[in-house]
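Form predicted on its own, single chain, as structure tokens, below.
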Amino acid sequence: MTLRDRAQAAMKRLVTASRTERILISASALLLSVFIGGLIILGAGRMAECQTAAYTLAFPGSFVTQFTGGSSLFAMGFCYDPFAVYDKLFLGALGNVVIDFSTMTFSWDPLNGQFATTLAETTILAFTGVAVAVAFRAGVFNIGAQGQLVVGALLTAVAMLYVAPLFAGTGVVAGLVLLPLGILFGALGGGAYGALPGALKAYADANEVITTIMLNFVATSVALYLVSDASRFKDPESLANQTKALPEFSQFPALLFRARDDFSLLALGLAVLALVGIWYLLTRTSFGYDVRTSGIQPDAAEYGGVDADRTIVSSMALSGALAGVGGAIYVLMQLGNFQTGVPSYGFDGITVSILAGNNPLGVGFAALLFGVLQSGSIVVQVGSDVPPELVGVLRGLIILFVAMPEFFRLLGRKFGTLLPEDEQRRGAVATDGGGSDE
């Protein structure tokens, strides 16, 4: 068997892997990435300068020498301790975790600020991840979720600045009206901005990858223009490029968490409902049937009566609307206004979607992994001497290793020759959509 045949056989095996096998593959990839990341930490620790070694690699180790006596034959010091780094990276995202091995007790306050940060990141990434997943399921590569998120966030902030004062002093009524209204503005802004490249692809045959990438820059530049001058929407009392702060009553309530944690369980619940709703839409409705059919076999879909052009535009509009809602929640939950320099939630959503196999329900778990890594990275940077660039390498390594098997699986499904023979035969009339819900 040649090397090419072996590679094709491996791809086929990934394509046909069951859900349990895929979970085991991802878990194995995670462990491998942690091991390789540990070696990188040690290597970087040897090149760094420090007064005292944070980690010492000795042979035989203290476990042996305590019984045999004497000292180790070989010992080498490193400036960074890989175990401490990974402890902060994973457990730091949960915050205030105390494990006493002497008494075998475990204590944890689930309402601590670091865990709130993790959940806040997860909430926004769930929206951008499912936004990208919807477009991917329709066979459209939406690289523009970042721009759609920026437009949704900006429209929400600006519109609420004018609408919110009308409800001042109305108590709980203000929240009941303004929160849905703010989310609606975000959905409308992101949806319209997502429909634009969809229409260009459907009716002008424009490459959606190029148009969505370009529209990301347009959105960022226009947002900077609008909030960089006090004659437009800039807060005149601030040196930063940002809008005025929104009233407290127009933002998400903190509920169980502290207000300064910038997280709301209500927003997280909305994200969960969105994931379940999109999953139901794609798998249980005629619109979802059209989207999935167009994604895997556009010619067969059109032969079956599906309007491919309309499906592309509507799926891109839905994708943009979801990203726009993510932007609205970013404003109404985390910031309380709009600021330039929006984090790359839209770009991270692409990886979240691939990691989840474009399954809306899987997006929730992938977003949680990203949330843990992002929140834990802050703890590592604040609580250790490890440079932020090295923390970024570790994050990227973990994401790359965990996502790569799913990425190859998607490639295998994309190219029919890598599908099992029975699925290849069904390919001509395939109606199972561009992803799997297994």
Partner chain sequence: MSSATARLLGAVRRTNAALFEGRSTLQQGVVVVALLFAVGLTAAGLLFPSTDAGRLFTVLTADSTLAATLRLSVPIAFAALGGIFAEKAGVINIGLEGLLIISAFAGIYAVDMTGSVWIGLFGGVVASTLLAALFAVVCIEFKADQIIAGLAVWLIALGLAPFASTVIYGGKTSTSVTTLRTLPNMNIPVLSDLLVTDIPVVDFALVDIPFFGALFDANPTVYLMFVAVALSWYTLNRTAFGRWVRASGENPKALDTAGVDVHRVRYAAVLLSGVLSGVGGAALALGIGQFTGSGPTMVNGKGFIAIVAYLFGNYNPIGAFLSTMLFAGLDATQLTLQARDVFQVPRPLVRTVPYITVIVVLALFGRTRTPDAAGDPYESGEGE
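Positions refer to the first chain, counted from 1. It should be emphasised that the depicted structure is a prediction, and the values quoted were computed from it without experimental measurement. Heads up, when I say rigid core I mean the largest set of C-alphas that superpose within 1.5 Å between the two forms.
Omitted here: the form predicted together with its partner chain. The next part is about that form.
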Taking heavy atoms only, is Phe217 within 4.5 angstroms of its partner chain in the predicted complex? yes
Val386, heavy atom within 4.5 angstroms of its partner chain in the predicted complex: yes
Would you please decide whether Phe407 lies within 4.5 angstroms of its partner chain in the predicted complex, comparing each non-hydrogen atom pair? yes
Counting only non-hydrogen atoms and a 4.5 angstroms cut-off, does Ser314 reach its partner chain in the predicted complex? no
Since the chain is shown here on its own, which stretch among 135-143, 286-294, 177-185, 256-264 would lie within 4.5 Å of its partner chain in the predicted complex, judged by heavy atoms? 135-143
Pick from Trp279, Phe115, Phe252, Tyr80: which residue has any heavy atom within 4.5 angstroms of its partner chain in the predicted complex? Tyr80
Given that its partner chain is left out here, which of Ala53, Leu30, Val393, Ile378 has a heavy atom within 4.5 Å of it in the predicted complex? Val393
Give a yes or no on whether each residue among Phe90, Val172 and Leu335 has a heavy atom within 4.5 Å of its partner chain in the predicted complex. no
Are there residues in 208-232 with a heavy atom within 4.5 Å of its partner chain in the predicted complex, and which are they, in order? Val209, Ile210, Thr211, Ile213, Met214, Leu215, Phe217, Val218, Ser221, Val222, Leu224, Tyr225
Would Leu390 count as moving between this form and the one not shown, using a Cα shift of 2 angstroms or more after superposing the core as the test? yes
With both forms fitted on the core, give yes or no for whether the Cα of Tyr80 moves by 2 angstroms or more between this form and the one not shown. yes
Superposing on the rigid core, does the Cα of Val402 end up 2 Å or more away between this form and the one not shown? yes
Given that the distance between the C-alpha atoms of Ala403 and Phe365 changes by 3 Å or more in the predicted complex, do they end up closer or farther than here? farther
Shorter or longer C-alpha distance for Glu121 and Glu406 in the predicted complex, given it differs from this form by 3 Å or more? farther
